[in-house]
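Below sits a lone chain in structure tokens, taken as the form predicted alone.
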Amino acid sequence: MRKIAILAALFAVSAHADPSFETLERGRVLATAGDCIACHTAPGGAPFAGGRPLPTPFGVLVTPNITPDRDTGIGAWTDEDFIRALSRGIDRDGAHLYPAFPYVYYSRVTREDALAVRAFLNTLDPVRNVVESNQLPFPLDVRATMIGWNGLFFEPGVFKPNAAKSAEWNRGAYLVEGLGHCGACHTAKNVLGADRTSRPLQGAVLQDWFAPNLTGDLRTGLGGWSVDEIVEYLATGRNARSAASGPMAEVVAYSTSQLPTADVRAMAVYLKDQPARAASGVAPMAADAPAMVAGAAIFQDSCTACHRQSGEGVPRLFPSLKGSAVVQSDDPTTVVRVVLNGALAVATDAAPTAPAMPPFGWKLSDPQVAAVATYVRNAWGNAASPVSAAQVHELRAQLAATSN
């Protein structure tokens, strides 16, 4: 009996042994793929200590502290508590989380990988930071409402590899559809904030930006990009076609530029294989249309110094407008926003210069912004719907409201 007791004690010690370096490093990489630091770090705050406001169409949520502080973080959570939150959207106290925390995607993460992330988070410095996460108006602040939402829109399940695809493709699918939660931004939502699963990765409006189409659409998606171009964009924040700005700049800075090259390439291989939707049949506006004539004059005066008369820009410095998927997106929000407020491209270790575009909203009227946006969306072989002055006016007002 004594021998049995000793063996049992040894087994217990072994079962709770400190995680290996390999486990911690895998957890670090996976937490990076999940971009945890970006959402769970307030401006000027300690990393992972929470407190960052997240605007949603339903109100503001504030991200919780995920450092190992036992009182205000997740230090007192068990591994099972952590896995339940990650895979089912239920916290330690049994309260339902809101899908701004993308458990809908994280449910695809394997138990082993979830525990590796947990092990990595346990190595962080514990930071005491009390956060009131739920700041939604009544009745949305009642977390029990998520029971119905989950019943309608959430079916948990671990990722299942596709046997017909390569190991690299499956790794990319696992990252894009799981911890990377790309669809959280790039898939349109219904009125209740759930993914429109019939339109995966086809683009969506997010915080007054339009997260572009990531499918193989030649005009509005990644159909014209090579795998290498996708890799370069994710790893450095730019390529000869485009540069990351807005929310995507943060994703590149904290996540994709920090991942192993093999993982970035796997994501690119998977994204490049996403089928395009049916062609929309949009035709370019006639060059002599009044909006095109006015837009061409504004472009000549204000834009050619950087983007050139041809619209081709300067590779890896000033994005090409010719053939740009972002410019030709179904929703012109990003184009109009950049003209109004300007944009700052991301700086990464591989591409430390962060080119900027100045704002033009201060000197261009709503009709003028609409004209130049319409022009760049329909010049040089581009084709997209025209932009109206009313669309510009609405977005200008929204941006002014959120900046106050």
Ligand code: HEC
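Quick note: we count residues from 1 along the sequence shown, nothing fancier. Remember, it's a predicted structure, so these values are computed and weren't measured experimentally.
There is another form of the same protein, the form predicted together with the ligand; it is not shown, and what comes next is about it.
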Partner contact check in the predicted complex: of 218-226, 189-197, 286-294, 159-167, the stretch with a heavy atom within 4.5 Å of the ligand is 218-226
task = Using the partner position in the predicted complex, report whether residue 63 sits within 4.5 Å of the ligand, counting heavy atoms only.
result = yes
For residue 143, is any heavy atom within 4.5 Å of the ligand in the predicted complex, or not? yes
Practice item. Give a yes/no on whether residue 263 approaches the ligand to within 4.5 Å in the predicted complex, heavy atoms considered. Key: no
Distance check, residue 242 to the ligand in the predicted complex, heavy atom within 4.5 Å = yes
None of 269, 121, 115, 104 but one has a heavy atom within 4.5 Å of the ligand in the predicted complex; the exception is 121
In this chain shown alone, the residue from 133, 258, 202, 150 with a heavy atom within 4.5 Å of the ligand in the predicted complex is 133
Since the partner isn't included here, can you check whether the ligand sits close to all of 40, 307 and 372 in the predicted complex (heavy atom within 4.5 Å for each)? yes
In sequence order, the residues of 190-223 that place a heavy atom within 4.5 Å of the ligand in the predicted complex are 206, 209, 210, 211, 212, 214, 222
